[in-house]
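Next up: a single chain in structure tokens, the form predicted alone.
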Amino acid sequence: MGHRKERKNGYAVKRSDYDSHGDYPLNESETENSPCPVTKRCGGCQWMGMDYQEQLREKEKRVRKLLAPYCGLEGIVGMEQPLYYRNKVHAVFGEDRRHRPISGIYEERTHRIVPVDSCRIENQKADAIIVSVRELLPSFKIRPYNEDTGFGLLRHVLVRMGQASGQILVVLVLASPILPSKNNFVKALLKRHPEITTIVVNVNNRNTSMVLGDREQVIYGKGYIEDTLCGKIFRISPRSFYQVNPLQTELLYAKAMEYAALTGRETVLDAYCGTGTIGIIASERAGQVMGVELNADAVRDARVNAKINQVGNIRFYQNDAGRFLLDMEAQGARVDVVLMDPPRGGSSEEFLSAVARMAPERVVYISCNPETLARDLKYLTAHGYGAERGLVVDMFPFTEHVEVACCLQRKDS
């Protein structure tokens, strides 16, 4: 899954009495007759009004139709409890017309803030922490940032939760590096939420749609949290990629390992490896693993994660996946299994061509976009591979998105 595919979040079920202008109360249809009062403005939970079992049937139907020419499906795996699953929660901060602080999400395709207090697909503790931050602002004379005037300080709050560990990371994204009464603010927030593990100030003073800036200061704790996934420990810092639904991620990765059919002797390439989650999980069943990722921060995290888990048979390289594979081919190197998890745009033809020429025995393709998966399967099945089977995993209930794992076998093996 690399370092990509972050969605707009904030799929709200409750919000304050006023919209971002502070003058327009919610109407009855939004508050009483809808499963979510702001679903039309948020645009995130496209399927919030649909029965969950119907969602699963529709998702499986869509993926099955797309992949039918190339790959059969084993079915779809849903969640027993499909609510409150997101372990990464982001809120943008601003003010209403009466200069009261508000927090929530941008209205779809705009930069108007829709105030949100809680959301049916976000971790409830994370939502409560964001509300507490907002409520503390007036007493510390901290103003939210105004994009139009450039005045104000607090731009965003990001909360990351460890599903297994229970650890909590809070990131305060500021327009300048000075947080007034920093120590007292931390004490006040910890008094409300003593379970918070660490707090980081991130400085973003650029006119950008990106949430995080480049500078960070740890003001409480270690600056990162850890969580356990498939029996391995992974460090999560403000910019780390980590799947937002770890319960479903474990099922997805378990299926990927089943498809890889490792015996302990194979050389494995983990392409688009991100922070190394899949490769590290595969390492205990492989002879050696190579992870390749273009994002330097992700590679650094991957190396730390390998050290934490005392994995000695894995190496990570910062490079473009296609270029890396071409270099391997030029050196006469071989791999037995390719694990690939590209961005939403899918893989590059350069990479797929190199895979076809190197001819590993198996390719396990994990995708967050069935359309680009179908495109890439078309190429691979025309160049020496058969797509044996696939599984849809509902990683994102109440949205139209899914993850798919596919197993491809070299035809002459």
Ligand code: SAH
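Every value quoted in this text rests on a predicted model; they were computed, and no experiment measured them. One rule holds for the numbers: they count along the sequence shown, beginning at 1.
Another form exists, predicted in complex with the named molecule; not displayed. Remarks below refer to it.
A heavy atom within 4.5 Å of the named molecule in the model of the complex is found for exactly one of Cys119, Val170, Ile278, Ala91: Ile278. The partner is absent here; in the model of the complex, the one residue of Pro246, Gly274, Pro115, Gly162 having a heavy atom within 4.5 Å of the named molecule is Gly274. Look at 294 to 302, 204 to 212, 97 to 105, 81 to 89: in the model of the complex, residues with non-hydrogen atoms within 4.5 angstroms of the named molecule sit in 294 to 302. Asn319 belongs to the set of residues with a heavy atom inside 4.5 Å of the named molecule in the model of the complex. Although the partner is absent here, Pro238 sits far enough away that none of its heavy atoms falls within 4.5 Å of the named molecule in the model of the complex.
For Pro144, no non-hydrogen atom is located within 4.5 Å of the named molecule in the model of the complex, even though that partner is not displayed. Interface residue remark: Asp341 is counted as part of the site for the named molecule in the model of the complex, having a heavy atom within 4.5 Å.
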